[in-house]
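Only one chain is given next, in structure tokens, and it is the form predicted alone.
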């Protein structure tokens, strides 16, 4: 059996997402669910409850201690943002943080992923995007395929990193050569299994090259995560597995229309929000 076939079989055997996330998702999809009912579902998991409150009060959302209950969190940051925080916590807890490959640690990978999520949300806010839901989660999940490789093809993935160092190439190029499948493709398969929204599936599959999808909303989301991934490399926030700083697809500037100097002005906020969010989520 080929390596890529083994990986696909591994994805099919992956557990479903935690019960609390499923319950929250079903509740949000029910138009008759009240905020009180949703809050009560979340309150059944004390650990998740505490982390939601900490993240909701972090600089990323800008409320600074104002939110002191799950009901307040739902009111101020919204149902879907709360769901995204739970999703992030659930996914990170599912995968081992102890597996190590020389030069690559899961804790650094998750730090990079959180950085891309934090930057994505900040960039979307800076360009005037009103619906900020999914930006943080899209950033966190953009490289999820790498953790699948790490978990289920560790020995072969070592060869990928060796090839990256040897050829000084992008990691997806080495993945294709060694494994026959890229982290983007594996991540998309996992996203489909978990029934993640199609817009986020597009981000996972297209974020590296910023290939355009068919809807303008997806174009914006993909473009922002594409840029945020590059910015996280420039700022050295976490580690994605390779040292090359990718060049942005020039088509994103027409989509984003970012004013000159905006990214420079946001640099300190990127770093501060990243530092606080990593501490809250990873500890």
Partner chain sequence: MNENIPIENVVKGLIVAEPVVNRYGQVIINKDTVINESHFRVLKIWGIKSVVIKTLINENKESKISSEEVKNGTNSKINWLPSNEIEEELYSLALEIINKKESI
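Bear in mind the structure is a predicted one, so any value in this text is a computation, not a measurement. Positions refer to the first chain, counted from 1.
The discussion below concerns the form predicted in complex with its partner chain, not included here.
> For its partner chain, considered in the predicted complex: do all three of 233, 246 and 262 come within 4.5 Å of it, counting heavy atoms only?
Answer is yes for this spot.
> Name the single residue among 258, 220, 39, 28 that comes within 4.5 Å of its partner chain in the predicted complex, judging by heavy atoms.
Residue within 4.5 Å of the partner: 258.
> With the partner left out of view, is residue 60 within 4.5 angstroms of its partner chain in the predicted complex by any non-hydrogen atom?
The answer is no: residue 60 has no heavy atom within 4.5 Å of its partner chain.
> Residue-level question: is residue 209 within 4.5 Å of its partner chain in the predicted complex, judged on heavy atoms?
Heavy-atom contact with its partner chain at 4.5 Å: absent for residue 209.
> Taking the shortest heavy atom distance, is residue 168 within 4.5 Å of its partner chain in the predicted complex?
Taking the distances in the predicted complex, the answer for residue 168 is yes, it comes within 4.5 Å of its partner chain.
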